[in-house]
Ligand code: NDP
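So this first bit is one chain, no partners, the form predicted on its own, shown in structure tokens.
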Amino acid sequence: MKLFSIFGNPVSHSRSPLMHNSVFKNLNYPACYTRTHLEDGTKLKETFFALNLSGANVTVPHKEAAFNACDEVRGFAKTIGVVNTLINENGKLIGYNTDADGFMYAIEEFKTINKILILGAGGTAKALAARFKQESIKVSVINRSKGRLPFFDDLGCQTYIWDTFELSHYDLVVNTTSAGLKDEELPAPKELLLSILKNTNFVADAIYGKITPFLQLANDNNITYKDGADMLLGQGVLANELFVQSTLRKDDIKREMAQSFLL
């Protein structure tokens, strides 16, 4: 029986155990998935091996710490310095990122997206910005402070702090901050957000399972929106493929994982 977990702070809200355990149970794969509340990201690697895990997912605020904890990083995660999926490969910690492709799956229904504004500059924002740029999408990033913005400058994004923001029209505005996850905070000042919402076609939030204050504001202004559930599903399918080393069919994983959202 293999053991998997999700690391985060907070983590009690996570649907990942339900998603992955639905796959394991219904497809007869000998594994179990649990949650691990981790306050100190520097303890991630030792905690991973102390629990004798075969793999794990990583959520806020430890995705960049996960990158630093890895013995080897593969694929897209190498480009962005952000890891959300970990694999124990013969005693070595191998890191991947499935967030970005998960989000691309989530916004397929919005059709043509040429210009995106990202709220926040953390690990999820890094993954999404880099992936959007690969698709030749124009990306702007707005954050409370300048500290994390050089990464996005180097990607070729237009960057702002709240006080320097220059309004434009966007096809999609994405909240990647934790505002609204365990509080009723907005990701930026309300007046600033209202001006942005009046100049966008769609809104998305990386947070799932609740109508965040940001999404409520979008709804109040008749903007089409979606939460992070489809992103969660998309990245979860890709992560599970890594967990089971492609011994299960992707379509089967997706079917069982999607069913778990109805539970």
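Everything quoted here is computed from the prediction, not taken from an experiment. Numbering starts at 1 and runs along the sequence shown.
Keep in mind that the form predicted in complex with the ligand is not shown, yet the notes after this line are about it.
- Though the partner is left out of this view, residue 208 does reach within 4.5 Å of the ligand in the model of the complex, counting heavy atoms only.
- By the criterion of a heavy atom within 4.5 Å, residue 120 is counted among the residues contacting the ligand in the model of the complex.
- Contact between residue 185 and the ligand in the model of the complex is found at the 4.5 Å heavy atom cutoff.
- Among residues of the shown chain, residue 177 is one whose heavy atoms approach the ligand to within 4.5 Å in the model of the complex.
- For the three marked residues, 60, 63 and 148, a heavy atom of each sits within 4.5 Å of the ligand in the model of the complex.
- Taking 181, 104, 137, 94 one by one, only a single residue has any non-hydrogen atom within 4.5 Å of the ligand in the model of the complex, and it is 181.
- Though the ligand is absent from this view, in the model of the complex it lies within 4.5 Å of a heavy atom of just one residue from 53, 38, 215, 232, which is 232.
- Here the chain stands by itself, but in the model of the complex one stretch of 165-173, 120-128, 107-115, 71-79, 120-128, has heavy atoms within 4.5 Å of the ligand.
- In this stretch, 90-105, the one residue having a heavy atom within 4.5 Å of the ligand in the model of the complex is 99; the partner itself is omitted from this view.
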